[in-house]
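Below you'll find only one chain, the form predicted alone, shown as C-alpha cells.
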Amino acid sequence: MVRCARVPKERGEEARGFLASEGLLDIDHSIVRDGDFLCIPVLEGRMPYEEVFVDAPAVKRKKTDFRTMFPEPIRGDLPHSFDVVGDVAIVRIDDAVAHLAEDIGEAMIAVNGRIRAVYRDMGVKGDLRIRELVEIAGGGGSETVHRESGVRIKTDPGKVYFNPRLATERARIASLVRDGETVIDLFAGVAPLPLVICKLASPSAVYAVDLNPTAVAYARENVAMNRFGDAITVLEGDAAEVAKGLPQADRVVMNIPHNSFQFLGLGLSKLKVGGTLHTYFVSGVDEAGETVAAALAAAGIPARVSSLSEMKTYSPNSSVHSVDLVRE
C-alpha cells in the first residue's frame, strides 16, 4: 500500500504541483482514481490534504531528478525543491554549489520538458515583495502564463510578487465564497485569488487592490484574458486609501504576512458583521494564538477566530500561519 494525498479531481493539477514544489511527490507510483477523487502518491512529510493508503502501481519513469546528473558527494548541497511559474523555474541555490548554478539550471531543463528557463532566486526584496532573479539557463525572459484551478495567470516573477505554492490556499478560500458575496483582496498582486474565486464561485463583485503598477497592469490583463471583467474591479493604490471608496464586504483577504496585523483594523473595518477576514502572519508555532489575540485587542474591532493553522516553516523558530477572523 502506498501513502497518498486524496483530493477532488478538479483540484488534482494544483495539488500535484504543490506537492512537487514541496518535494513531497512520489514519482515512482501512479496516481489512482477513486470516484470523484484522485489519490496522489506522496513521500513522508506534512501536507494539507487527506492522507490515505491505496494500492498504487509502480511506474517506470525517465530520469526526473536533476540531482542524479551530479556526483553523489555534492547531491546533498543541491536544491531539493523549486517553484515553477508557468514554464519558468525559480530555484534557491546554496552558496556551496553556487559555482554550479548554470549546470543546475541546464540539468533542470533536461529532465523537465515543461521548463523553458531557470532563474536563481536571490531573495524577496523591497516593500513590493519582488524576488531578485538571475537567469542561469534557458531563455525567453521571465514573463510567463501560469495555469491554476482552470484560470490563466500572466505574470513576471522578476517584476511582481506571485507565489505558486499558494494554489491550495487560494482554492480553499474560493470554496468558502457563497453566491452573491462581495470580496475585497487588499494586496492582490496580479489577481490570482480574484481569478480563482470567480472561476470556482459566483461572487457579485470582487475588488483587487495593489500598489505595484506593474502588478495592476498584469491583473487587468488577466481579468480580460479570463473574461471576468463583469465581476472583478482592479484598483491601483495604497490599500488604506483605496479601501475608503469600497463598499462593505462579505470577505476581505490580506496576503502580506510580515505586515498583516498593521492592517488588521483596516481589513476588519471593511467587513460586514458576520463577514470573514483571511490573513497571514509569521510567529512561533506555540505563540500563534496569543499573537492573534494581541493583534485583535490592538485593532479594537470585535472579531472571533474561526480557523487558525500553520502553513509552512519560515525559520527554525517560526512559521507562516493563516487565520480566518469573523467580525462580530
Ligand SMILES: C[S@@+](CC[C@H](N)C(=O)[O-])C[C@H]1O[C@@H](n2cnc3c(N)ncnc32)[C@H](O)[C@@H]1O
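Keep in mind the model is a prediction, meaning the values are calculated, not measured. Each residue number is its position in the shown sequence, starting from 1.
The form predicted in complex with the named molecule exists for this protein as well; it is not shown, and the discussion that follows is about that form.
Participant: Assess the spot marked by 4, 17 and 49: is the named molecule within 4.5 Å of a heavy atom from every one of these residues in the predicted complex?
Facilitator: Negative, none of the three is within 4.5 Å.
Participant: Find the only residue in 95, 230, 238, 179 having a heavy atom within 4.5 Å of the named molecule in the predicted complex.
Facilitator: In short, 238.
Participant: Please tell me which of 255, 144, 149, 226 lies within 4.5 Å of the named molecule in the predicted complex, judged by heavy atoms.
Facilitator: In short, 255.
Participant: Pick the stretch from 97-105, 243-251, 185-193, 69-77 whose residues have a heavy atom within 4.5 Å of the named molecule in the predicted complex.
Facilitator: Partner-contacting stretch among the options: 185-193.
Participant: Looking in the predicted complex, any heavy atom of residue 281 within 4.5 Å of the named molecule?
Facilitator: Residue 281: no contact with the named molecule in the predicted complex.
Participant: Counting only non-hydrogen atoms and a 4.5 angstroms cut-off, does residue 212 reach the named molecule in the predicted complex?
Facilitator: Yes - in the predicted complex, heavy atoms of residue 212 and the named molecule come within 4.5 Å of each other.
Participant: For residue 220, is any heavy atom within 4.5 Å of the named molecule in the predicted complex, or not?
Facilitator: It does not: once the named molecule is placed as it appears in the predicted complex, residue 220 has no heavy atom within 4.5 Å of it.
Participant: Is there a non-hydrogen atom of residue 119 within 4.5 angstroms of a non-hydrogen atom of the named molecule in the predicted complex?
Facilitator: No, residue 119 stays farther than 4.5 Å from the named molecule in the predicted complex.
Participant: For a quick check, can you give me the residues of 260-285 that have a heavy atom within 4.5 Å of the named molecule in the predicted complex?
Facilitator: Going through 260-285 in order - heavy atoms within 4.5 Å of the named molecule in the predicted complex - there is one hit, 263.
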